[in-house]
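First, one chain by itself in structure tokens, the form predicted on its own.
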């Protein structure tokens, strides 16, 4: 049991941070959402023009900073990469397309369920199914090649870019004299709802620090159960759910059902298939969207490319009408999800060691 104490405590704190962030201004059931928040950053940079989802989310920046601090303190910071970088960027884009079909990442899926959103159950079934498919290919030799040590400056690129984004957020920089952006900030919708910058940044830093120390990853937890019957990582997400559920009940934010949930839709097939894309893609990348941010903070340039791929994928999803909305998912979004599944299966089958 001692082995589980750290990851359970870390998960509990992340669940507490999520409830606190919603209480202080973040959208309901969205204390943390890696996919949604990276989409908001893409919008703030003008990569898409969905006016209601444009904001530089300090939580995302903080996760990378926190993971970097933990890596330095415990001497785990190292510059490495070179494992199929272009393919990882592309898979990151595909993962984001799947996540925006559901309207959330694996972390938000758990938080939505903790808020009473039963649509997350269908998504969870899809996520687990995607992971199971990924494990099938892992057992048959799937491999994107090993990362190698790189020049130390490679490790600093994404943290420095994120530091620049924080500067742009704090000073609300507008490069256009007319104030039309970039940087763009939503005046309505989810992008206009946010917790105070300092608190959001600190919550992200602590989450990144704790996630680096405990290796929190819902995909990794499910994969480990399938491969070696190890429940260590999964116990951390169980703690996130329990604490977030308790917090929502205390705060009066728990509303159980399928309909009228915040930033959600009830097209169950596409929730299932969208998160199956996220599950399979996360296995191929070696970590869920949260884990990719943490690895990027630790100095892994492959994960940095995956993160940038997700941000690019958010721009593509909104510009090409792939992303869902509370009204549901359109025909182009459904087509994109099906194509994403086919592409990931081809990648998985084509990158096996014979």
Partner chain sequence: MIEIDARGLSCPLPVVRTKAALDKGPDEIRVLVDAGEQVENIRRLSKHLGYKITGEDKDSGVFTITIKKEEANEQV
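Numbering follows the first chain given and starts at 1. Not measured: the values here are computed from a predicted model.
Omitted here: the form predicted together with its partner chain. The next part is about that form.
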Would its partner chain in the model of the complex be within 4.5 angstroms of a non-hydrogen atom of every residue among 76, 215 and 291?
yes
Name the single residue among 90, 232, 166, 241 that comes within 4.5 Å of its partner chain in the model of the complex, judging by heavy atoms.
232
Select from the listed residues 197, 250, 227, 256 the one whose heavy atoms reach within 4.5 Å of its partner chain in the model of the complex.
227
Stretch in contact, per heavy atom within 4.5 angstroms of its partner chain in the model of the complex, of 185-193, 262-270, 169-177, 144-152
144-152
I'd like to know if residue 3 sits close to its partner chain in the model of the complex, meaning any non-hydrogen atom pair within 4.5 angstroms.
yes
Close approach of residue 138 to its partner chain in the model of the complex, 4.5 Å, heavy atom:
yes
is_contact(residue 295, its partner chain) in the model of the complex, heavy atom dist at most 4.5 Å
yes
In the model of the complex, does residue 286 have a heavy atom within 4.5 Å of its partner chain?
yes
